[in-house]
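A single chain comes next, written as structure tokens; it is the form predicted alone.
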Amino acid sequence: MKAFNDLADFSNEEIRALVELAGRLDTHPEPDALKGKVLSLLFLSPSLRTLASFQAAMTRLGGGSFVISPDMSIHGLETRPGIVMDGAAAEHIREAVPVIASYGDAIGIRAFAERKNIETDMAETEFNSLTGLVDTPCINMESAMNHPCQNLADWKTLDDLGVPANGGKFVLSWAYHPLALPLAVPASTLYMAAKRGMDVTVLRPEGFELPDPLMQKATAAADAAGGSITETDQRSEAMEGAHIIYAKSWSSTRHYGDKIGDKKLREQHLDWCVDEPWFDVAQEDCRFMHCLPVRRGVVVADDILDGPRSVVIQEARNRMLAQMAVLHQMLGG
């Protein structure tokens, strides 16, 4: 495996093999599988689970890792092309990334969307410019429109729960958040559930529709796997018979890059906080999923997070296991 950037790059059989490997590495550890291997981790965006889970994964497989982030005690990094570097930054990303990559056998890169122009972000312009600087195997630790490590962990979580692929109903729901957040998780989660073959409903207020190209990509995956995609702003319609509700906040695509317009629109939907009445028409054992971090009392009620519906901790642990499988395939020889 040379790259792990998007679930769309892999067949369902390959994904299921990775999920199976993740489970096997959990029950039958291989503490020397990556002995002597080094993973370079470049975080241009903040993280808790991604950082910790990748370091834990490498350690459990016998390898090592190191982390570089502009928030650490390194000199400032310039990212703008064609700039005269007479300001605070002492090094350009075009030199920094190849150097960081050269110290490891693979590199993980995390770089959020700029959220200024939606076409630029959907084209993964920034992330592709970074990966184009290296020739070592590369892992997408979250880009403008993708979070494949989260998606693989979520696929495993659905399998662990016994949620059916074909016939399982998956609700991807927008939730209120005081900030305009990236599209990476909702876009790639939609694709993951569709590719798994589930019947997926996108529940969102008007103005928070996912872009047509992302919906079309997911629809094609659903058609191929025997699933379906629908979209609504009606909560009861979306939740009827649901096996899973996956809550996530995201920017208004109607006001993309417009903070004031986005803020005015999202503040009309403070009541989009998942609580028990949302589950009235769902399956009795409908579960709540979220990639974390999550704001209690804003995105979801405490009773849901602390109750039997929530599987967010299981999801988070599966991040480590899924990434162990990716690293094993990428560096295991």
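From 1 onward, residues are counted along the sequence shown. Just so we're clear, the structure is a prediction, and the values are computed from it rather than from any experiment.
From this point on, the text means the form predicted together with a small molecule, which you will not see here.
Which of 272-280, 45-53, 298-306, 30-38 lines the interface with the small molecule in the predicted bound form (heavy atom within 4.5 Å): It is 45-53 that comes within 4.5 Å of the partner.
Proximity to the small molecule in the predicted bound form, single hit among K156, K195, R204, R110 (heavy atom within 4.5 Å): Selected option: R110.
Site check E142, H147 and C291: each within 4.5 Å of the small molecule in the predicted bound form by heavy atom: Each of the three qualifies.
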